[in-house]
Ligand code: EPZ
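Coming up is one lone chain in structure tokens, specifically the form predicted on its own.
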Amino acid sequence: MGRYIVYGGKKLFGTVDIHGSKNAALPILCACIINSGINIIHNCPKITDVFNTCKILQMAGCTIKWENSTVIVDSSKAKFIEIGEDITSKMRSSIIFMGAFCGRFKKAVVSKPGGCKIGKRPLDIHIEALKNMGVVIDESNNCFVCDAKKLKSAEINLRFPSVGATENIMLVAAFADGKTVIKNAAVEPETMALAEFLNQIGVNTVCGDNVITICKKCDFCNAEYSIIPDRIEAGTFMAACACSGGEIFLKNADAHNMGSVIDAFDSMGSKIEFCGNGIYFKAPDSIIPQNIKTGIYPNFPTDMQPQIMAVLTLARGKSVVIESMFENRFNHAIEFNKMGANIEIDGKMAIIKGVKELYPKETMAFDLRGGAGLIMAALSCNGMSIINGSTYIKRGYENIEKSISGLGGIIKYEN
């Protein structure tokens, strides 16, 4: 397992390119198996989760070709495989293959997924939905064994707008006779991107008012699609600049998908301006405390909670962060406190009393976004910090060390 070494205390200046969205790329790559054809996916981030998704596609007989940030997927010779624990343990999004395989092959065997240690993240909503569509599921031996020979369309009212469950239903519905309707569906920008891609390959997908309707298409077609910019990566670099000081331009960032994050940084005293091809961000002279509660889109994203907490450790007063999505997403607070932060955890609430400065320490990342938050905190410190657990961070950020170095920060990755 590698680590990042950060020499903080330097303000950030310049332009940073925002890569394609991790959470959009993964289900879209998975959906490439649907049309038994050639799909050209532009702006795909080169991160561990994408590489592992491509590995599953290759194991299933797809041909994968990279051309810079473009992935060409030929699924014409795709075949059924069992997706084992050796790869599902590395990424939670592997569960999305269950819907695609049930549709294309009328069966799926997927080991229960791993990923970041941020809470229980139960899959019962996925299972209930697929069962409503006629899929018979056996959960023995730590895996899901699915029989979809009697697949059917359905009207499904999700008791919680789960992103993964919504995407699983969308993928399997591409093969179900009739019209499938998902009520209380997830409406994250990444889910809408999957809907756009499904339309491109010939699956009639209509979205509106938390309802998604999918109609089976008998004749699929090839597609060429560009992954949307990663709103979480853009927010992460805002946090980096807010912690260290300076001003940066987030090239390709899409402000339309970042309302709650932009509002939070604006309330902190940051200067933010929008351009046609990105966002200008200037760090606040003095960070104003905030009360933030994570929630489903368009509320403040849980994937930005650790990064915003890193900023609030330096605010001039008390802030409160409520984590409503995952019960174990405060592990990074312990590491922040090692650096001199003053954070108290009370259940799903973090009480953050701002300090004048943080101090360089050796810390450990326990999940993807918590690791990013530790890098943000280290950028504010005068001296050398070490962030272990780089495996998590590389799951979601493409060469984050190069991006920060390009802004004048001093950081290196050691394997």
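Being a predicted model, the structure only gives us computed values, none of them experimental. Heads up: residue numbers just count along the shown sequence, starting at 1.
Not pictured, yet referred to below: the form predicted in complex with the named molecule.
Checked against the named molecule in the predicted complex, the residues S319, S75, S244, S93 give one hit for a heavy atom within 4.5 Å, which is S93. When you look in the predicted complex, the only residue of M192, A255, V163, V181 with a non-hydrogen atom within 4.5 Å of the named molecule is V163. None of 323-331, 276-284, 75-83, 338-346 except one has non-hydrogen atoms within 4.5 angstroms of the named molecule in the predicted complex; the exception is 323-331. Heavy atoms of D124 reach within 4.5 Å of the named molecule in the predicted complex, making it an interface residue.
L26 belongs to the set of residues with a heavy atom inside 4.5 Å of the named molecule in the predicted complex.
At the 4.5 Å threshold, heavy atoms of L368 reach the named molecule in the predicted complex.
Remark: T302 counts among the residues lining the named molecule in the predicted complex, judged by a heavy atom distance of 4.5 Å or less.
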